[in-house]
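Below you will find one chain, with nothing else, as structure tokens; this is the form predicted alone, and questions on how it binds or moves follow later.
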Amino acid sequence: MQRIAVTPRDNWRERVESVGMLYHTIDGVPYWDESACYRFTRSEIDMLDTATAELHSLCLQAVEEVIRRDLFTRLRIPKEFAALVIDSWENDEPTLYGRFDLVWDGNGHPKMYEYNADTPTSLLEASVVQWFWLRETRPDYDQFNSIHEKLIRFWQRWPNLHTTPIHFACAGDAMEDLGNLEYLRDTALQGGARTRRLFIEEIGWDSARLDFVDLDDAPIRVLFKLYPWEWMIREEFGRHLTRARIRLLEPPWKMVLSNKGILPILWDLFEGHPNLLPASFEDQPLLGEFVRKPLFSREGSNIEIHRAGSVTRTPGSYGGDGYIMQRYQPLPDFGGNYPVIGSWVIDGDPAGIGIREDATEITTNGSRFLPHFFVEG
């Protein structure tokens, strides 16, 4: 794994916009950054592929354990939604996607920081934008990236694809979320689905029919929501989810895995596994250097790194539901740039990686996305 400085393409903004990425710059600073890229060998990519498949398998076993031991209270999942989680698990409701955040420098084993199992973003740039970058700049090399093909294949297998429309919704105030949502909707269209788009705020509830409805008062039978489960179930209309005739992506059982409480549960189940870091709930403190993370948080908010007698922390509004602790594992340092590898799982299979980089050890909403390629060897 190497970081290589390169010259950005002429008119790179127009080039990435032409494939749908309109959020390439955040607050005047490039978010899509092709002034450098990462080079891997095939054997390194194989190791990332294997680690991702292994972690996905461990996580599925962890869901089973949470249900068996009734750990919903430990994960702050309200009791009234436990049955929804269990039903979706026992009915084997499919998962579309997820993204493991891994720390690795090409040596040893990749380690799991966390699993963005419910509403991961940076999908368009990982799937499409870096692929076109590769084709234009390094056509003789390859990339760990079958995300697009696997997304389309997922939709092609969806039941009643041609008769029941699939609604796609996100919050109405997030350009990045909308870009990711529209990309996913496009893969569904390419898979043969009928789709409709609306914003979360536009979804209504018909109490007579027990249906969530769209702006045409049509029932929503299948909903892809780029909106966190932990928010949905705590909102006024969330209580209707337990009785509505609706199927959701991600399915309710993903509530278990999108919760950072899964990290100590995984460690308890598979202590010493080479792809996991020691972790505990806060009432069972870790000794030594550690990272304190809220059960629910996003984009690096409310993270604390405790090391060498000092604390580095980020602001935010999360933490009201409690914290977990995870052994401190430093990110690799490439000349003051700290990359996190986002490894995608699509329809249960490893599908590719995207790399986000920051000048600090905490990856946030403003961290840059850099493309990658690999060579044989």
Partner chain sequence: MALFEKIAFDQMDNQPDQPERSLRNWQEGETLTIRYRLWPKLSTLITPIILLPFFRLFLEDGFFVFQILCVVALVACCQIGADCLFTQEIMLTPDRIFKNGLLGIQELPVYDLKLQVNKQENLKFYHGSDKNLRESITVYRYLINDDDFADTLGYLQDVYHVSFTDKTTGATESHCSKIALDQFLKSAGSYRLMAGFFLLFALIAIFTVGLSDVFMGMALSLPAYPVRVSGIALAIAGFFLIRHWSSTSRRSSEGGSAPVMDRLERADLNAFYCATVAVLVAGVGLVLFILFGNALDLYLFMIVAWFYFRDGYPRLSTWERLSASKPAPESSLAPTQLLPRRSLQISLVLMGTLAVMSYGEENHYLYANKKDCQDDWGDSSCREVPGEGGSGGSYGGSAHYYGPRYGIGSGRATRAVGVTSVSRGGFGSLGGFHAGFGG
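Small disclaimer: the values here were computed from a predicted structure and weren't measured. Positions refer to the first chain, counted from 1.
Unshown form predicted together with its partner chain; subsequent notes refer to it.
- Site residues Asp283, Ile305 and Pro315 are none of them in contact with its partner chain in the predicted bound form, judged by any heavy atom within 4.5 Å.
- In the predicted bound form, its partner chain lies farther than 4.5 Å from every heavy atom of Gln143.
- The shortest heavy atom separation between Lys79 and its partner chain in the predicted bound form is within 4.5 Å.
- Among heavy atoms of Val128, none comes within 4.5 Å of its partner chain in the predicted bound form.
- Asp177 belongs to the set of residues with a heavy atom inside 4.5 Å of its partner chain in the predicted bound form.
- Of the residues given (Arg153, Arg196, His273, His240), His240 alone sits with a heavy atom within 4.5 Å of its partner chain in the predicted bound form.
- When its partner chain is considered in the predicted bound form, only one residue from Leu71, Leu189, Leu161, Ala171 comes within 4.5 Å through any heavy atom, namely Ala171.
- Of the candidate stretches 134-142, 206-214, 284-292, 104-112, only 206-214 has residues with heavy atoms within 4.5 Å of its partner chain in the predicted bound form.
- Counting a residue when any of its non-hydrogen atoms is within 4.5 Å of its partner chain in the predicted bound form, the hits in 215-232 run Leu215, Asp216, Asp217, Arg221, Leu226, Tyr227, Pro228, Trp231, Met232.
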